[in-house]
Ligand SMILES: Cc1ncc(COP(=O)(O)O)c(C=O)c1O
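Below sits a lone chain in structure tokens, taken as the form predicted alone.
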């Protein structure tokens, strides 16, 4: 079949089916296995004539929807994954309805909405007005833009416009302690090299940068350009780098400071002043990565890249072309990001900030941290499990009790427990590794997670321990 304008006469039917599927999916969320561990999908040849709406719908309902995870639910604790709020979900539906292209200004208000969103985010996190940026597809895209800006900065120290001339003559040294995998990926894509990082020692029993060792490495570096990659809330321990001290070193050595704050920046919204102060100094960074589909709880794909040097971003991404010309004073978003064609992905973030406000968002951030602390205490008191590291924010690290077990046997036991937990269906957790040990990570960042979910989780862990013992 071929589409025609007459298909819009069936809009009411499409909307009714859409509403029913949405209602059913939400209603079944608590009963659905949190993770679908063994999905299967038959390989079909591409349809020549088209099956039509109703046949396609039947296949979707029979074969696809039953095998989807409950990743938007309150007990999907693998990785660091939020679940879209009702307001953000509504806004995301409208993104497809409106079908706007936010490449450049001139045909709608959509680009202004994104600029307002960036400004609101900076205000919410108490960042100075010197920061500006762009909504991205996620932390990986944001880290990539950070790598591009740092690369452009490094080139300027040597009289090279890297975006125009290439990086073949570029001399730069990159310093990091526990960069996220997406940052390493970004360095590779930016041509700086995945294996080019000079590793800075971590503080004892930590993933955070040893500032004294960083100072020594910077002093000894012979490279004309330097880049420092820091973190707020590292991937395993959720450690925070001392950004005030690191920023002073960056200024002293004229180094670019990029901070991966994918979810750690949200600590600025916590009631706990001590934890809130862990982010002090981030306002001194040259660039920052933020992930909205983590603790902001908007749908995938949504990240943010912020920088105090928009000119570096523009120099890295702008390619002049007559058909892309714009008379708007602010640079077009296609000249600030990866894509030339961009969805209206700012809308769910804008709608979330407007609807819930800073206090509403802070309420679920605080709830996540408090519930994670409670969960860690229960695990620590358990005879069947052991806490691997104190819970510092919203991530709980544990493994089954492994007293007197050799490391390889303990690691195997941990892997078996993780597999059993995820197959059970009440929880979905992800693996980790700390000091040579296989561990289990549970990251609480969903706005819906409450006391009932903690009780379910503890019961699940007890049941798995009884089953495997």
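All values reported here derive from a predicted model rather than from experimental measurement. Residue numbers count along the first chain shown, from 1.
Omitted here: the form predicted together with this ligand. The next part is about that form.
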Task: Pocket accessibility when this ligand, as posed in the predicted bound form, is superimposed onto this form, judged at 2.4 Å from backbone or C-beta - done: open
Task: Candidate stretches 374-382, 262-270, 95-103, 187-195 - the one whose heavy atoms come within 4.5 Å of this ligand in the predicted bound form - done: 262-270
- [ ] Using the partner position in the predicted bound form, report whether residue 367 sits within 4.5 Å of this ligand, counting heavy atoms only.
- [x] no
Open item on the list: Is residue 143 part of the interface with this ligand in the predicted bound form - any heavy atom within 4.5 Å?
Closed with: yes
Open item on the list: Although the partner isn't part of this model, could you tell me whether residue 113 comes within 4.5 Å of this ligand in the predicted bound form, counting any heavy atom of the residue?
Closed with: no
- [ ] With heavy atoms only and a cut-off of 4.5 Å, decide whether residue 250 touches this ligand in the predicted bound form.
- [x] no
Open item on the list: Considering non-hydrogen atoms and a 4.5 Å limit, which listed residue (149, 233, 246, 298) is close to this ligand in the predicted bound form?
Closed with: 233
Open item on the list: Exactly one residue in 331, 281, 138, 74 has a non-hydrogen atom within 4.5 Å of this ligand in the predicted bound form; which is it?
Closed with: 138
- [ ] Note that this ligand is not shown here; using its position in the predicted bound form, name the residues of 57-95 with a heavy atom within 4.5 Å of it, in sequence order.
- [x] 80
